[in-house]
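What follows is a single chain, given as structure tokens, in the form predicted on its own.
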Amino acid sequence: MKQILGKIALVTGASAPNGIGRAIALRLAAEGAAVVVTDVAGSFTTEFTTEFTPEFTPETGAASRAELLADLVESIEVQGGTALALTLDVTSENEIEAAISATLERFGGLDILVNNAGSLAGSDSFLATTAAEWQLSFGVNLLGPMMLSQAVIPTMQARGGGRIINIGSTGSLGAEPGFGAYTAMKHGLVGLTKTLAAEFGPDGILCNTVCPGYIATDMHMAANERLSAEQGVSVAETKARRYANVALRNAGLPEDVANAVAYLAGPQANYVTGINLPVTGGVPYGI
């Protein structure tokens, strides 16, 4: 039985061919929701992603995010679902307003918001990162989810409730060297989640954070490539080192995160709010 039949969901950061956002959109659509898939304008480059995206090779240069979103919509519709693709820079109030307006015009409401868009800006040693990189990280990883939540909550209140699901990280729960800006913003995202859960619970709006660990996404592979270059070892060695403390000794899949989101979006989580749900394969959180 489809768990969220008739609901309307919006997922940010959904264009990456092997991304968490795409997997979430596909899963929510399979559970019966109409899904609005969004991402920033421009190209999706494949410099670090050939292991998981052989159809997009460095020789082709880049794939348009709009084209990737269109492909995602087609994939959803082929499976009998309903979807709408929109360009959305989560740091732009004007684009947020336009995306919500388009969603309401097409579907008449919004029940589920998944704040998935993220940025690894400032992923370097703490002393090497710049204020501009921290500001970019803040805009995408924390300010964007805040502004989107502000934009959708009135509609959810009018509909008698809703779900806001923020995609955090083990960086929401601990820290490792080299990811200072990302870690700081993902910690802040947990604070935003708990604030929304406390303030809007009386309106029937539930807010939770899903905290992925090592997931085989395009972003994760980029991080592996960067660490490999910095440490002067092979990517395979970097992966072995990073996963050594994971109980399952491997990276998870985007679908593993999508399963957690589907649970929090569905009726089985009707009494769950304000939590951090790790999807980590048993990884320690660092300091």
Ligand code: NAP
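Numbers for residues come from their place in the sequence shown, where the first is 1. The structure displayed is predicted, hence computed values, not measured ones.
Separately, the form predicted in complex with the ligand exists; it is not shown, and the next lines address it.
In the model of the complex, the ligand sits within 4.5 Å of a heavy atom belonging to residue 168.
Within 4.5 Å of some heavy atom of the ligand in the model of the complex lies at least one heavy atom of residue 20.
When contacts are judged by a 4.5 Å heavy atom cut-off, residue 9 does not count as touching the ligand in the model of the complex. The ligand in the model of the complex comes within 4.5 Å of a heavy atom belonging to residue 91. Put simply, of 227, 40, 246, 262 only one has a heavy atom within 4.5 Å of the ligand in the model of the complex, and it is 40.
For the candidate set 116, 183, 103, 208, a heavy atom within 4.5 Å of the ligand in the model of the complex is found for exactly one residue, namely 116.
Exactly one of the stretches 73-81, 210-218, 104-112, 123-131 approaches the ligand in the model of the complex with heavy atoms within 4.5 Å, and it is 210-218. Taken together, the three residues 25, 32 and 258 lack any non-hydrogen atom within 4.5 angstroms of the ligand in the model of the complex. The partner is not shown here, but in the model of the complex the stretch 136-161 reaches within 4.5 angstroms of the ligand through a heavy atom at 140 alone.
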